[in-house]
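The form predicted alone is given below as one chain in C-alpha cells.
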Amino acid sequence: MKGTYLGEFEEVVLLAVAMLAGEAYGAAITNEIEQQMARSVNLGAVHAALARLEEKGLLTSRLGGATAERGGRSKRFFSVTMAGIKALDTIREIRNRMWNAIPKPA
C-alpha cells in the first residue's frame, strides 16, 4: 500500500464513492462530483484518481456484469475500505479543527 496522503481531487472522488454506496463506477462518480461541486469533471481524471486510491488501499473494486447498453463491457464498481473511511474521518477532523481556529470577527 502506498502512502495515504490525499490530494484535494482524490478526497472529492473518495467522498463521491462513499456517497454512492456500492453503486460507484466511473461515470456515476463523475456525475456525482459535477452535481455536488457544480463544475465539469474529466472522466479520465476520475479514473486516474480511482487507480491511485485503490493503490493506496483506500478503495476496492469489483467488476459487475456485462451489459448490452455498454456493448458487452462490464462496469467496475468501487467501494471505500475501512482505511478509506479512516482517511476521510481524519481529513474532516483536521478541517474542522482549522475552521474552528479561525478568529471570529469582533
Partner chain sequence: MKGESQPPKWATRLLHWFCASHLVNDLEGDLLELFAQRVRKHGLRQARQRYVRDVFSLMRPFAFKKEPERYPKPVFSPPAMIRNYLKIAFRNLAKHKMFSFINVMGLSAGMTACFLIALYVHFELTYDAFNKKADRIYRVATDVQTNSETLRYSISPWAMASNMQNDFPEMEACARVRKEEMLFRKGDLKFVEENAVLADSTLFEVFDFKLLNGNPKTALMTPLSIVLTETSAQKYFGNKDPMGQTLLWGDQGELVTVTGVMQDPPVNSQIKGDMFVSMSTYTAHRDKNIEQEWGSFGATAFVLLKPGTDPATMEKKFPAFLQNHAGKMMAEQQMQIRMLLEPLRDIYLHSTRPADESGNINNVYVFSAVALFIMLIACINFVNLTTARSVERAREVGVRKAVGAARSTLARQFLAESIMMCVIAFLISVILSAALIPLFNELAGKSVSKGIIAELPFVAILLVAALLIGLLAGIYPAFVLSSFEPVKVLKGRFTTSAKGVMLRKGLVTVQFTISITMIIATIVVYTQLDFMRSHDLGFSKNQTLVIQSGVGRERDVFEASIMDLAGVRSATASAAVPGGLNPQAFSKLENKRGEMQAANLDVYRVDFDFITQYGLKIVAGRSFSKKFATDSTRALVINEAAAKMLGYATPGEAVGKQFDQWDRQGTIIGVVKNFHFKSLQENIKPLTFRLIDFWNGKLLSVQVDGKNVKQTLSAIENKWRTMHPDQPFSYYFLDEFYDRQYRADERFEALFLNFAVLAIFISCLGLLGLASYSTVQRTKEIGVRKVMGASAASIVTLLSGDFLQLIGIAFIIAAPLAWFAMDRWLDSFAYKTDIHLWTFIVAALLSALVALLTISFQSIRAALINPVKSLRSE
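Numbering follows the first chain given and starts at 1. The shown structure was predicted, so the numbers you read here are calculated from the model rather than taken from an experiment.
Another form, the form predicted in complex with the partner chain, is not on view; read the next lines as being about it.
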Would Lys75 count as touching the partner chain in the predicted bound form under a 4.5 Å heavy atom rule? yes
Is Asn31 close enough to touch the partner chain in the predicted bound form, meaning at least one heavy atom pair within 4.5 Å? yes
Any of the heavy atoms of Gly57 lying within 4.5 Å of the partner chain in the predicted bound form? no
I'd like to know whether Ala45 contacts the partner chain in the predicted bound form, with contact meaning heavy atoms within 4.5 angstroms. yes
What residues in 51-69 sit within 4.5 Å of the partner chain in the predicted bound form, counting heavy atoms only? Ala51, Glu55, Glu69
